[in-house]
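One chain comes next, on its own, written as structure tokens: the form predicted alone.
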Amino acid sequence: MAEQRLRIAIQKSGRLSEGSIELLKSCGLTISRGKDKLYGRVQEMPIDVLLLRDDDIPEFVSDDACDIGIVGQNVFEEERLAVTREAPAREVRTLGFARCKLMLAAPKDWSFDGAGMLAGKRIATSYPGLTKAWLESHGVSACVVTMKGSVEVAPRLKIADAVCDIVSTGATLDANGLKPVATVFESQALLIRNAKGFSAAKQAIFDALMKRINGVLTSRDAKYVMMNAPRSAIAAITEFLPGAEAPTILDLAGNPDKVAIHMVCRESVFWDTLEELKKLGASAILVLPIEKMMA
């Protein structure tokens, strides 16, 4: 019987592609690509990688051409709103990178005072499903004009009065005399899977991959914190530290009133966090990054 390999679709270029490849690398996986650079094989696990256009990934996963995929939430939701499939792809989890916003933008000389200003206006967008859903949720009737690219030039060309487009920095909007006025959808990278189910062999590969992905994402913001502190301050320090699990308490040689406290914090530890720990009596505080973590 031929070896069963899990097929994963990722974006072939762009920020989503870079983040996806970095995630797989952090999971200890190396991708060997062919000459066309649109197909690769993972050396450490039975996984094949297809590099596709972001817009094609939900369809490839839904149609069983790929088992799982990493796609922008905005693209996945737009596909869900626009297409009715017998077995659409399913969300697995968000991945925390490639964050952006789908925003309504209007000419800078507009004095925007709410969604009602868009009534009867023409709005150009590459995301008609999400735009219409937002307008409907605000009780606004407007004409949505679908464009495949260069949406930001629509008001200048008199094609539309306003636009709804993906915004990262806002520089492109500003260069075209536009300003963001409302957030329609907040997006980040999303892991999706085929809804039809996997064979036992593929399910085992998927489960092993998810353990690694969850471990990488859990450790991304987590820190290992070590300090010395009075024994009487253990409860206060444990309660204060953000996202901390039960600490490890070690006796300090020759000092029965003080202990060493070691703990994993699942949230960011800032300078003001350290200052507050000092106030609680902690000393010799060390904050270390965690490269890998598995529950």
Ligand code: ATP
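Residue indices: 1-based, along the sequence shown. Note that this is a predicted model, so its numbers are computed, not measured.
One more form of this protein exists, namely the form predicted in complex with adenosine-5'-triphosphate (ATP); it is left out here, but the text below deals with it.
Of the candidate stretches 202-210, 128-136, 113-121, 166-174, only 166-174 has residues whose heavy atoms lie within 4.5 Å of adenosine-5'-triphosphate (ATP) in the predicted complex.
Contact check for Arg53: a non-hydrogen atom falls within 4.5 Å of adenosine-5'-triphosphate (ATP) in the predicted complex. Taking non-hydrogen atoms only, Arg99 approaches adenosine-5'-triphosphate (ATP) to within 4.5 angstroms in the predicted complex. Contact annotation: Val75 falls within 4.5 Å of adenosine-5'-triphosphate (ATP) in the predicted complex, judged by heavy atom distances. At a distance threshold of 4.5 angstroms between non-hydrogen atoms, Leu16 is in contact with adenosine-5'-triphosphate (ATP) in the predicted complex.
Counting a residue when any of its non-hydrogen atoms is within 4.5 Å of adenosine-5'-triphosphate (ATP) in the predicted complex, the one hit in 185-203 is Ser187.
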